[in-house]
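Only one chain is given next, in structure tokens, and it is the form predicted alone.
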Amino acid sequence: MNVPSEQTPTASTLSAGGLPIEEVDCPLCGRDDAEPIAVGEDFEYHTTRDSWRMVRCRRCRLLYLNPRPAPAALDAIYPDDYHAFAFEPARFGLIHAVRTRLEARRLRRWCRGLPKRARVVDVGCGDGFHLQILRRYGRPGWQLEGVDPSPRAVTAARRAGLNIHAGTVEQVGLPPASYDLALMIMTLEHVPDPLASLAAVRRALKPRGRLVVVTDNADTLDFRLFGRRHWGGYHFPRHFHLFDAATLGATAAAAGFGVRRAETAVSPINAMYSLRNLLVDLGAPAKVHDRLTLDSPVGLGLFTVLDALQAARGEGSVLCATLERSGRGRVLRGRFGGAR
């Protein structure tokens, strides 16, 4: 297992907009040798007027935000209406129902082979959306737990009757060698130190325990078209680092995981928000770009079809990797296989 020591960011300063920020080295290889590839704003939530810079490490090729919001800024950049804090079924109706069915199918596949009394933890669980699906569609004997650092998310998840650990996975002290399956669904790109987070999850897994990582794919057509500023996967300034197949594989290997299965999957969000961000930047009327949001059936439907075509070529908008604690497995190179 080769996990570099947790990086120590420089002392935080204030951005032009008054937000605490910090300079960091590459979270994967620890080098300070990166080239800027994009500059953009918080097009979605408008939590700050600052511009943010995404860079690519010249050594390991990881994409990361530098400078990035310091810990003291997290409450500001995750507003009360952030989508992961309270996904209300009544508000989204049919969209919520369709999303739930699709996620249930994926979760059941990731849970294949789990024992009747498996222990499962969702790291970065938000309001507990996936845990609620597992409670409904999984085996009744499964012990379901969540981890999230946001008090708002923890409150929403506990209100739904879920067992939630409040804090980061490094802080909460999950019992070692205790979990059969861990989930990190759209989480790894948000954490300050991905290697430290993966190492904490690895300690909590049983010897043959599995970790499913789902994260944005920075090797897609929409990234190549919109990657200089408007790509939806940047999610400025909340995504601290972004992966392609090679850098996700290298990160997993550095944290002591082997890869059991890897693929890309369909998601309309990044391509749809890429176009929306461009329209926002161009000053288009709200009635135009608001048709490209999470509660827009037309937008979601259209971009789901488009991303399905990409996923068939191994370029779906999200990477899905099933990792194993044993450390045996392959290191990912190049693109993942097509959606299955």
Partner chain sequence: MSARTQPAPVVIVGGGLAGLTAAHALRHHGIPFRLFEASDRLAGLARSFRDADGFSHDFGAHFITNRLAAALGMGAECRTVQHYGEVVRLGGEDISYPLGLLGVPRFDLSAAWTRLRDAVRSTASPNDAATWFRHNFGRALADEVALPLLEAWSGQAAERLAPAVGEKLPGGLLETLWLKLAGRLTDRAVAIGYCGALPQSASVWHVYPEHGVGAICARLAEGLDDAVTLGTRVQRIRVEGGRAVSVRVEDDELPVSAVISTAPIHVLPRLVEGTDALERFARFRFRPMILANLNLEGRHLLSDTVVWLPERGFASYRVTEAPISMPWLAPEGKTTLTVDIGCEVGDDWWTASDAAIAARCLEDIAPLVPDAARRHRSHRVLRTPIGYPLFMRDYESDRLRLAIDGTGVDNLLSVGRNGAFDHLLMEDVYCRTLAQVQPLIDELLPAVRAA
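Residue numbers count along the first chain shown, from 1. Not measured: the values here are computed from a predicted model.
What comes next is about the form predicted in complex with its partner chain, which does not appear here.
Asker: Should residue 36 be classed as touching its partner chain in the predicted complex when contacts are defined as heavy atoms within 4.5 Å?
Answerer: Yes, contact at 4.5 Å.
Asker: With a cut-off of 4.5 Å between heavy atoms, is residue 314 one of the residues that contacts its partner chain in the predicted complex?
Answerer: Contact with its partner chain, no.
Asker: So, in the predicted complex, is residue 31 in contact with its partner chain at a 4.5 angstroms heavy atom limit?
Answerer: Yes, contact at 4.5 Å.
Asker: Verify the contact flag for residue 49: yes if a non-hydrogen atom of it lies within 4.5 Å of a non-hydrogen atom of its partner chain in the predicted complex, no if not.
Answerer: Answer yes; at least one heavy atom of residue 49 falls within 4.5 Å of its partner chain in the predicted complex.
Asker: Please pick, from 228, 83, 206, 101, the one residue with any non-hydrogen atom lying within 4.5 angstroms of its partner chain in the predicted complex.
Answerer: Checked against the cut-off, the match is 228.
Asker: Heavy atoms within 4.5 Å of its partner chain in the predicted complex: which stretch in 303 to 311, 290 to 298, 267 to 275, 23 to 31 meets that?
Answerer: Residues of 23 to 31 come within 4.5 Å of the partner.
Asker: At 4.5 Å, heavy atom to heavy atom, what parts of 279 to 294 sit next to its partner chain in the predicted complex? List them in sequence order, or say none.
Answerer: The stretch touches the partner through 281, 282.
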